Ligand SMILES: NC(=O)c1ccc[n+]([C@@H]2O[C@H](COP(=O)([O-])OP(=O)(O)OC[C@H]3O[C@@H](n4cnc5c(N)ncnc54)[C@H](OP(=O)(O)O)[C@@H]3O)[C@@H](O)[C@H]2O)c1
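The chain that follows stands alone, in the form predicted alone, written as structure tokens.
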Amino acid sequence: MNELDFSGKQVLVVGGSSGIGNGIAQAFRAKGAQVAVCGTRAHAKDYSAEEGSDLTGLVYAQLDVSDARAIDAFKPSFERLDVLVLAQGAVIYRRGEFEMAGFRRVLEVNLMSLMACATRFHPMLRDSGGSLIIVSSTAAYHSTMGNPAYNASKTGAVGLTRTLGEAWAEDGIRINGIAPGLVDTKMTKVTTSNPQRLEGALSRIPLRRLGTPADMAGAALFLASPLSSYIIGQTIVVDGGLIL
């Protein structure tokens, strides 16, 4: 038996149109799953490979997770759901998160929408005895001086993973999380495109390299598989040793 065979399984990756979410979506597809992804743009063709998007073989739907009503009204293209991955994320640089409008915007996407999506799909996950994976960040474990909303939201995501993990275990839903370190995506270009910043970042990572979406996908496959059948409420740090 291959515990990492997801043939016949239906997976939904919110935030799966690019970056870490896209890497996770493609990993599940490679293991045989039917995979749907959500992104903010109207059509799949609005994404490009240069942005870290590969929507080959994925079913795409538009969903603005900053709008709670849109989440409630979302009509999935599938009738069964075995794995839900919440990989949506937002960050505002140049001290934009110190303005309350920016702070609220980031909290809405990075934390409020996690609960909204989790409750929206709770019945489907309960019916399938499914798995929910929440993508947070190593920012949950240390200060990020210029980004108070990002930090607070990711810290909240880790707490939500613990609490929902305990609360919904009785429904047969296993909830766990992944805390990525510095991963090479469009969200981290502020660091990775600056040679000095990149050199400084790599010097703090024991493995001396950036993470990739595929690195994060390995943890997601494990957490959704029978290999982790006795694990709930945990967030696995996947950071090359960054926060050791």
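Owing to the predicted nature of the structure, the values given are computational and were not obtained by experimental measurement. Residue positions are given as counts along the sequence shown, with the first one as 1.
One more form of this protein, predicted together with the ligand, exists but is not displayed; see below.
In the model of the complex, none of the heavy atoms of residue 35 sits within 4.5 Å of a heavy atom of the ligand. When the ligand is considered in the model of the complex, residue 131 lies well away from it, no heavy atom lying within 4.5 Å.
The closest non-hydrogen atom of residue 64 lies within 4.5 Å of the ligand in the model of the complex.
The closest heavy atom approach of residue 162 to the ligand in the model of the complex falls outside 4.5 Å.
Candidate site formed by 151, 158 and 237: none of these residues places a non-hydrogen atom within 4.5 angstroms of the ligand in the model of the complex. With the ligand omitted here, the record of contacts in the model of the complex names 131 to 139 of 118 to 126, 168 to 176, 77 to 85, 131 to 139, defined by a heavy atom within 4.5 Å. For the residues 27, 58, 219, 182, the 4.5 Å heavy atom test against the ligand in the model of the complex is passed only by 182. With contact defined as any non-hydrogen atom lying within 4.5 angstroms of the ligand in the model of the complex, the contacting residues in 27 to 45 are 38, 39, 40, 41, given in sequence order.
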